[in-house]
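Okay, so we've got the same protein chain twice, two forms, each given alone as structure tokens, structure 1 and structure 2.
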Structure 1
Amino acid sequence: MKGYWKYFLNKLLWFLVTLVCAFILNFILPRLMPGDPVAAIVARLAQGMSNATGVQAIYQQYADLFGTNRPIYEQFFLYMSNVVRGNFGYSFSQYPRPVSEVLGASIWWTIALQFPAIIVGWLIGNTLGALAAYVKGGFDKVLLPVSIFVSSLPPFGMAVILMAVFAVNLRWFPTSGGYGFDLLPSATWSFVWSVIVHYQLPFWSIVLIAIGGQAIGMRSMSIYELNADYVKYSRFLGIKDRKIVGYVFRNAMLPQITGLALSIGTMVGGALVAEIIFSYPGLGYTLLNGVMGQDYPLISASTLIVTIMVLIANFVIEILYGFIDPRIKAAQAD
């Protein structure tokens, strides 16, 4: 137990160091972008104004409000104290909306897209991989190259292919948006159906990539387990093959379950590319709009959420490995 506490504290220390570094980078990097976002806001508000003094007064008012006229270290401590209280400030590009409101409206779209896609891709991929290892023959010869090809495609490549085939050429699905541009969110069948239709291409662009990788991983683990000594010994004893296969695939699933947990932990950042390609109103599309509008608070908050989710997922997996993996237990004992 003493060894495990040492292992836990070591992982916790590295988690905190990484979190602090990520926090600092999330603050600094957006502010290195060229341009002045306050000037862009003032330009929108001061359209038609010919009084330079009035425009300057407006600029000064918003510079004071957002703190952009302060030294960078003062901005950092102000940002840090606000984030601790859960206050990310106002969005530059969507002022006067608070950043928390903008993210609150978009993050649920991302979760609703990514979580089902992860589960469906994991289930289908592992089923196909297990069948390929057990059935072999023509099924395996077809599945393996197809899985390698699909998993090697970049996410934006799959999204573009689906858009070109099913949206542009066949016109079965819309090319962009989370629902029809002529609709307002409401509890009506027309709105729900529009959401379902717009959901399909982003959803399957994520699922197809996940299926390929999961199938390859499950196939490899299943083949390894099927050739293990305990399987040969069990067959020698006359144990029914159905019972043996149950144990084989249960053991093969262990690393796949770890991958599933990690995917769920990182799902907020996993669908960003698909959302940008399809202009889906999730966190990825919101982040793109923030970058285009030089929206420092929105960029910092979005990337901070993604970073924290990834760090927490990795930290939890490593802590669980400390309990599960016998090799880590042995290292702790030493």
Structure 2
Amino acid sequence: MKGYWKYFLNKLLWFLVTLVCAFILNFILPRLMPGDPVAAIVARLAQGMSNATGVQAIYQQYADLFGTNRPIYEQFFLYMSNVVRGNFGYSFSQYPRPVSEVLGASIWWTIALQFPAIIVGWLIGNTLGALAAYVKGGFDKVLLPVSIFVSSLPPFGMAVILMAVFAVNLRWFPTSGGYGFDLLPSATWSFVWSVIVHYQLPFWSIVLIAIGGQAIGMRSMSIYELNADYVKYSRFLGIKDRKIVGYVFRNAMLPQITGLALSIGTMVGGALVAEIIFSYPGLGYTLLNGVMGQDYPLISASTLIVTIMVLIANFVIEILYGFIDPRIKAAQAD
């Protein structure tokens, strides 16, 4: 167990370091660009406002909020302490709603949509990839090109296609939203059913894309492992093929788990755009609204939340991986 703790602490430290770096990037990138973000914000806010003192007042208010008149390191700590308290300022496009409230309403939609979808896609993809490597023949000949094609589609493309087929033409599912536009969130059956129906297309568009990529990866990993020396050696010692296949898939699966940790950021990014296609009330759609409304605080906060979500997911996968791969404990022990 000592080995595992070492691994855990190592990963925790790495998680914290990346978190801080992500924080700094999120803070510094917009400020590296020419121009004063507050001036830009105020310019937008003050459109059509002729009262110069009013503009000045707004400027002062935001300059205080962001602390732009202070040195940069003070600004950073101000930003940090605000963020830690969940204070992201007010949304411009949805004024006077605070950003935290806008995000609070959308973040759960995204979590509930993306993480199950990515996990389901990962599981199905790996199973298919392993089967293709093991069964070979026709199954592999069909699956590989199909997987390559599916994974070549951008996630929003899969979303558009599913929508065109199942929502616009067949009318099996609604085209947009997280629930019926005539309903209010409540614990009634009709609302829950509406949520389930609206969930399907965004969910499967993410799942299908994930399946494609994972199946290709798992297929290569499995073929690689099937040709590994230990397979031949185990066979020549009389171990049953079924048992050897067990070794192979376990070993092929391990890199797929670390692969998932590394690609989860890309997958979430793609899925955010897929959300937009369905006007799903998650972070993707919030981001779009932010961009359309030039809503700087909303964008900054959404990207930060997305980053933190991805980093946490990444951390959790690494931690689980430490349990699954026996070599981790062994390698850290001495």
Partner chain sequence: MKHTIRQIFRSGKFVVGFSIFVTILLIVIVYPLIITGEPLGIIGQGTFFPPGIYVSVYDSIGSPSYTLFLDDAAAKRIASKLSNDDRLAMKDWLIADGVPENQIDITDTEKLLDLWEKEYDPDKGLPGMTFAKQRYYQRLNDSLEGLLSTEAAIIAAKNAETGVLEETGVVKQSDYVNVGEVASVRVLPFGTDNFGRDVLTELVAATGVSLQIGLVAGLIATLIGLTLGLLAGYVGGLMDDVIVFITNLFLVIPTFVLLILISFSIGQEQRGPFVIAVVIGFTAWPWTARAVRAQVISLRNRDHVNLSKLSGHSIAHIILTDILPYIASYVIMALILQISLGILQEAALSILGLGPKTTEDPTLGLMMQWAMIYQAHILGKWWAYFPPLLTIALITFSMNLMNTGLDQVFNPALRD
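Note that this is a predicted model, so its numbers are computed, not measured. Sequence positions of structure 1, starting at 1, serve as the residue numbers. Basically, rigid core = biggest C-alpha set you can superpose within 1.5 Å across the two forms.
Annotation: structure 1 represents the form predicted alone, while structure 2 represents the other form. Each of P255, N87, P116, W122 but one sits over 12 positions from any hinge; the one at the hinge between the rigid parts between structures 1 and 2 is N87. Note on conformational change between structures 1 and 2: two rigid parts, with the smaller rotated by 28° relative to the larger (from C-alpha fits). Here the two forms are laid over each other by their core, and the C-alpha of N82 is off by 2.9 Å between structures 1 and 2.
Relative to the superposed core, L13 has its Cα moved 11.1 Å between structures 1 and 2.
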